[in-house]
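As a starting point, one isolated chain is supplied in structure tokens, in the form predicted on its own.
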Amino acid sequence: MIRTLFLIIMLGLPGLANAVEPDEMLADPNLEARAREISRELRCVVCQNQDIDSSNAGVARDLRLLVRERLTTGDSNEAVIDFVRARYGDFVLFKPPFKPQTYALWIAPFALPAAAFAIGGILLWRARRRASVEALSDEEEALVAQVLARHGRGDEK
């Protein structure tokens, strides 16, 4: 019984994540579907890793209303996205364009792990090289024996 109740609650939680409030929705289902699609492509500038469609932040609500306003005036999806990007920059896009200002965003996910592996490999190679110490020569062993005999075994406290 408890497991079933828990399962029902857990399955219902994703539906609660929608932050679009009824007073924001457009009467035209086609325009509303376009607004939802655009809202999923735009990042909340407050939450940063959440789209404006599911964010409860006030700025996200304002952006959702702005998207719907632009759509009702006849703007295309691209025009709405361009308008928002002109105000907030490429940061507001979940998929920023590949250009010099955003190279770090596109290259870092590949370059950072590669650099980490390279540095780790170099450190391991150096550690193994240091670990391969050659055995002492007969002269060196005799010298160590003399020092130990002169100064004791060295393990006394």
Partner chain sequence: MKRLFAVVPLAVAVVLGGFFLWGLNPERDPSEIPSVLISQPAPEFDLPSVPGVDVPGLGRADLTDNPGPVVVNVFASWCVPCKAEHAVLTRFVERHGLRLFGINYKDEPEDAATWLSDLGNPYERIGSDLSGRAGIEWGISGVPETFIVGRDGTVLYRYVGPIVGEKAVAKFTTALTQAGALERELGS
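Just so it is clear, the structure is predicted and the values come from calculations on it, not from any experiment. Residue numbers count along the first chain shown, from 1.
FYI, the form predicted in complex with the partner chain isn't displayed, but the following is about it.
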Query raised in the report: Does the partner chain come within 4.5 Å of a heavy atom in each of 71, 74 and 78 in the model of the complex?
Result: no
**Report entry** Contact flag, residue 94 vs the partner chain in the model of the complex, heavy atom cut 4.5 Å
**Finding:** no
Report task. State yes or no: in the model of the complex, is some non-hydrogen atom of residue 62 no more than 4.5 angstroms from a non-hydrogen atom of the partner chain? Result -> yes
Query raised in the report: Quick one: is residue 26 in contact with the partner chain in the model of the complex, heavy atoms, 4.5 Å cut-off?
Result: no
Query raised in the report: Would residue 58 show up as a contact with the partner chain in the model of the complex if we use heavy atoms at 4.5 Å?
Result: yes
Report summary line: With the partner omitted here, the residue among 46, 107, 114, 33 that in the model of the complex has a heavy atom within 4.5 Å of the partner chain is 46
